[in-house]
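Included below are structure tokens for two forms of one protein chain, each presented in isolation as structure 1 and structure 2.
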Structure 1
């Protein structure tokens, strides 16, 4: 590494030949190594203007961002290169670091493993250790019952299902007070105070069906519930299970439940649970029925204690497709509506989404007013877009410019939140015309509004 005099000389040389790319890159690398992060960032940005899409410079810039805790900016810088299938593996490792820091362990692990499988030399032992779930503390729950002969014991879990540790809790879910309270009472308290519930003949376990428009935060909420409880989190897309070739879906489902039981306390999250029913009309009807039965058998558990400490959360955008058998007592018998956020909740979501970004003084209420009918996913899109624009502006200016209210307002103009309106109109049909059992009464006030 250079000494101060060497660094001064290098700076001076770069100043005299600003178009000399290798020189600027060398200076940026030295600054990064010496910990002058803001200056390194500025040098890399300037170098990137000379050589856009240069992988080494992008990596340096992303590294400077990550070391300054600007994870969103790092990901935004990496994104254009990561989008191509042959991206340089070291960029994947950097993205993994940023994603992990943002709490997105699943995507971080995916990025990391993909990168290392292509080039083992980019491996980072420390990062790999942080990506693998920490050991589960001694469990107060009974060991899982041995698996019956069929399906085969030790079957691999379905693709994509991994044990995660959520890095956040209900405090990171903005608004939704009624929904959080419902989950606390239905799921968390029985698990936190099993003796009290046992005294009334109630067991911890069982399930909740979260439903609502896409992007309203069902997955986010399920992850937060796991974090709130210090429980493991297993996320399964039912469509993935269904897409396995016929005959092995049941095995995958069993393996997934077994994985959750081994990691109790655990929140087992099934997204798109309506996929099971949506396939009813297709050629594989008999197979789907078998799979539904298997799912119900797993939910019921082989014995009283099988699912103790396993909380099943299922989510759907189309609750009316979900088999009524799922909603029998002890199964997913507790539907909870996850509504689109109102203005106060939108402001709170925006505040959470922006909290790790460099900010000017913000008027989140104004942005909330300008994003009517937006759900959490739309708001995330608004913030991502504003950050990207700001980043480009900053690159041009050669210095970081904080995100401001007008940036968010400008980005908000470009989103078209159609999902909620469409969802409400479908929901209205079911609530008005197919609500004999009163299952959708909770939606009545919502669908009556103008969307």
Structure 2
């Protein structure tokens, strides 16, 4: 509800004269100036229907989006005009603000300096200070197609999916050598040695589906892959995509891929991907199938180079629920099993978990033998419990007391690694009774073990 009588009068006048473009544009500007951002967005949208190529109206709509933190929508609104030579410089400054907010400093600096070089009056001292970089060339990767704007009835992309920088690499991931090697060949080496792979027609990019029991380190491995490359990392959760409004989930998914393409090389990680890529044959509602269709379309890209430099990693505990279309070559065509760690890997994980703590002489191999069937998350729980007990002793003693092997062994007695047993039981049913295609042959040696 608008509190200002003048704005209410303007809105009523616009209602009575809906084709009056100057009046509607003036109302939108007043709403924006007074902070009624959602109302300003709606008025600018209505004005754009009357004048689709009006740069001032587009700038106002983009400003409303930026101030609502809907940076992807702002860039989508600006993209058609930015693609034209001689676009108004103020649009370049708006684009720079949105790009910087999404973490794309290089393209933001390029847009800003290009705009200011053509019209110094549009300069923004605060933005220039935040960029603090000379003009840089545009990205060598092809520009992504503009994403559609968001409808007033729906909601902009959630703020949860953000561009990160991983602070560790494969050296910080204990064990899983076969998994790391599969990721190197499939995803990392084409970026690290592009000339060699180009000779065989292999492009940088692609997708891998990581699957295995809960807590085995799939997310940790994805972050390490980004750190190994020095690439951007985008961790996509269900809340970042799913929306109550029909069509908004698909737009959120598209906006997420657009963000990854603007920040390439980039590792785009989808956790619990079976919720976004479930079998369409199990779905009763058309709009849920549309989300799967959109996901497949984004993996394919609009052309051969659309996803070049975008590495898609997806993780799931239930790969048998993922639609078979995702395993087509060029998509998530290489399922990689992330197994529970063996004794040597458990010892290595414990060393990494304890390396920043005061330690007495440790026998990590003994603790590893006492934690059979534990995954990485279980081992972290063991260390955390041992640390809590040792902290209580240290508080009473008034000094740090080193962590010892008996502390870890005592904590290990309190952990019950049921997740692996339950997962293997479920996997056994699929491997033994629903594996006509041979998709789960890799699991055969594992499910035959005693858990």
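What you see is a predicted model; the values in this text were computed from it and never measured. Numbering follows the first chain given and starts at 1. If you superpose the two forms and keep the largest set of C-alpha atoms that fall within 1.5 Å, you have the rigid core.
Only structure 2 is derived from the form predicted on its own. The Cα position of residue 398 differs by less than 2 Å between the two structures after fitting on the rigid core. With the core held fixed, the Cα of residue 264 is displaced between the two structures by less than 2 Å.
Once both forms are fitted on their rigid core, the CA atom of residue 357 lies less than 2 Å apart between the two structures.
If you overlay the core, the Cα of residue 11 moves by 70.3 Å between the two structures.
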